[in-house]
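Shown below, as structure tokens, is a lone chain in the form predicted alone; questions about how it binds or moves come after it.
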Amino acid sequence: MNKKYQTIISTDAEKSGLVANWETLQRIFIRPENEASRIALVKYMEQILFGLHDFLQKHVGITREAGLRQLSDRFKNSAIGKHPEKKLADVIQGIIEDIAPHAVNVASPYFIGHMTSAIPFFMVHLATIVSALNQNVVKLETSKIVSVLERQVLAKIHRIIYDFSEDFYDFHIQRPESTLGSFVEDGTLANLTALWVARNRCFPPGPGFEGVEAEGVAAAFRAHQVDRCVILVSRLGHYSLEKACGVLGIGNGNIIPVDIDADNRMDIGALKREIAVIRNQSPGVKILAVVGIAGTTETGTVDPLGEIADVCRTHGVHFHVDAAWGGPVRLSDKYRTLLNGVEKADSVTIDGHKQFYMPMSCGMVYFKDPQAMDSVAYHAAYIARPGSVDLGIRSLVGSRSAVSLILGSAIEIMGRKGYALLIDHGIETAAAFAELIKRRPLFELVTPPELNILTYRIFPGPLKQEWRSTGLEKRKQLTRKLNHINITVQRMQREAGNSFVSRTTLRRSGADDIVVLRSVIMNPLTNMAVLTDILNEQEYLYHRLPET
């Protein structure tokens, strides 16, 4: 850029007031730069703070019809300007008018495709306060009372899972040497933390060996006379477990998938056989953990947790439950028994930004043994010193916001009963939706809901008749045709922008993979009228396909 052009830009910036200097920096650091910015901020923030769902309905579509390539072309400038480019008022207006319309309105009752939904309006208020306080909760010197409060919130959720005695919680809740659980970014890091603890406890220090955390996996295998270690999980396990095994040096190829039964739950017989084969035929293989799932991502099903726990106890294996989705069901008196056995787990993952209806993002991991996380403790000279009460001593992350303050406040606002009403609504509406699907000739219910997730597919009557009267090869052709139909209709519905249902591919033992439509019912505003509209739209789109 030539000097003359630079001078013009600099002069224009000065005339507009968009100049980075100490005076303007101090001004915009502590308040809106002018009255126009303040008015713009108040105009939109007032709508967000006191009319959140109306605001989202007005400004954000389900999926506005605009291709990613078209949107990407608008965001190719990689240079940061020397001087400010926009005033606050212009930035806010740009977000509302240019960004929001092309974001996804996950708060819409017609958005039933993912584990992300509407949040109560007060969550925005709580998140704003947390941002303003800007506490780093892993260090007592940057959070003080908030770290103390976090220990209380952890104890409350721990009690939902394990329900130990009053004396247990009175003793451990604020005891620096005890760790009931930890907040992390999401379920992926929660699962990683649980397996990190399991790995370190599986390969502890011994004579001539300082432990796997100090010396690494290769040294741990030599010291404990192990060739490899494996983790067993159902075929519907979340891919975050593969990430965890990669990070921990175990290798994601050492996750052994266990067959599922007809209800998409881990087959206990298959688990026992898998363990027997490992123990009898591969003495050099160590079973690090067995993972049960309380609410699989694809079908929402819950593994037989109590039976898995008994098998793990028999063989002395760490039992982890991935309850990122289903954990809050323990708050429902009507349906809490669906998670029976979770209290036997050594560790449990729960996501706050799922069925605790918190803003992104909040993951949690809990341990039955308050000393379990000692195996991953770290200390530093300037902070988290030995004897310190810092939460970061036994934590994967070094800096973390006070999301515990949001969750703790939400629990006080909602109560057990409030959350139970949301949980019950999701489970019961999903059950009613399944019945509606079964009554519609165009559709086939594939996996009935156990919690509040179900899958179904478009399966026209003529193809059903043909399916019943034909052989294996023809059925393979029909499966490919049905997969194409469901993929096409799902894409058309997404692009139309009125509603959203996701899709996934179910892999079946001894049969071809099938593409299904996947619904997640968690928005309290999603009712049967909305679900009927969604099916009607899918039927309308199907009849617009050329081949029909």
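Keep in mind that this is a model prediction, so the values were computed, not measured. Start at 1 with the first residue shown and count on from there.
One more form of this protein, predicted in complex with a small molecule, exists but is not displayed; see below.
A.B. asks: Check residue 450 for me: does it contact the small molecule in the model of the complex (non-hydrogen atoms, 4.5 angstroms)?
C.D. replies: No.
A.B. asks: Is residue 240 close enough to touch the small molecule in the model of the complex, meaning at least one heavy atom pair within 4.5 Å?
C.D. replies: Result yes; residue 240 sits at the interface with the small molecule in the model of the complex.
A.B. asks: Can you tell me if residue 324 lies within 4.5 angstroms of the small molecule in the model of the complex, counting non-hydrogen atoms only?
C.D. replies: Although the small molecule is absent here, residue 324 would touch it in the model of the complex, with heavy atoms inside 4.5 Å.
A.B. asks: So, residue 186 and the small molecule: in the model of the complex, are they within 4.5 Å at any heavy atom pair?
C.D. replies: Residue 186: contacts the small molecule in the model of the complex.
A.B. asks: Of the residues 115, 89, 427, 411, which one places a heavy atom within 4.5 Å of the small molecule in the model of the complex?
C.D. replies: Filtering the options by heavy-atom distance leaves 115.
A.B. asks: Of 328, 392, 181, 295, which one comes within 4.5 Å of the small molecule in the model of the complex, counting heavy atoms only?
C.D. replies: Filtering the options by heavy-atom distance leaves 295.
A.B. asks: Looking in the model of the complex, is the small molecule within 4.5 angstroms of a heavy atom from every one of 191, 351 and 354?
C.D. replies: So, yes: the whole triplet contacts the small molecule.
A.B. asks: From the candidate stretches 95 to 103, 76 to 84, 248 to 256, 316 to 324, select the single one in contact with the small molecule in the model of the complex, where contact means a heavy atom within 4.5 Å.
C.D. replies: Result of the contact check: 316 to 324.
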